[in-house]
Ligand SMILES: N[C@@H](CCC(=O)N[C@@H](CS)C(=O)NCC(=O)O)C(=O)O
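One chain comes next, on its own, written as structure tokens: the form predicted on its own.
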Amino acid sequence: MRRLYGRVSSINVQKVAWTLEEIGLEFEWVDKNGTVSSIDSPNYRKFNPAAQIPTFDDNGTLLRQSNAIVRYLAHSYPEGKLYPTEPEACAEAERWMEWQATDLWNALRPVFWGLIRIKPKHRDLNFICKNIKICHRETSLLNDFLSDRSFIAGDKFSMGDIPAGCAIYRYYALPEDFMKWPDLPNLKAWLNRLSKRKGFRDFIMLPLV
């Protein structure tokens, strides 16, 4: 039995759900409609001591950390055609997965929390605006990279598009009055291509909560 633990509103859970949809694997979703910290319990800590989400149970193989789970699924289930076969394409997929988890997310996460999760009276607007500028700088890098390719690894959709796609959707779903996005046509065209995929529509294109 395959089980995915974590609420659907979490970007890290969304990555794994989208990957599973791309491969066509059936799974049980535990706490899908939960809220922040809803899955934190002594029972859950037995197989994820950090009490973070997601955890994925692949018939007894317990996996943690969203990008690692995406890599595992892409590599273990080649029928999904998510793991690039060419070394250069694989390196680019890996590169932008790391970029999402570090360079972009270090700035996007405090913007998301500040504008969506924190009440207006408690917002640190200087800190939020500082990180919005970093987000714009980072997303411009991806926009330039996508100038001569349809997807991150080249002409074909791959695991590299999943973490970045989840994050870029959130980037554009944040309040326009604060974001004032730069003109990034390649990024928007890529996001439009992702929106044609069922997993993206079902698990990523959701209201931010």
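Quick caveat: nothing in here was measured; it's all calculated off a predicted structure. From 1 onward, residues are counted along the sequence shown.
Here the subject shifts to the form predicted in complex with this ligand, a form of this protein not shown in this document.
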Only one of 45-53, 136-144, 155-163, 22-30 gets a heavy atom within 4.5 Å of this ligand in the predicted bound form; which is it?
45-53
In the predicted bound form, does residue 61 come within 4.5 Å of this ligand, counting heavy atoms only?
no
Although the partner isn't part of this model, could you tell me whether residue 186 comes within 4.5 Å of this ligand in the predicted bound form, counting any heavy atom of the residue?
no
Quick check on residue 37: any heavy atom within 4.5 Å of this ligand in the predicted bound form?
yes
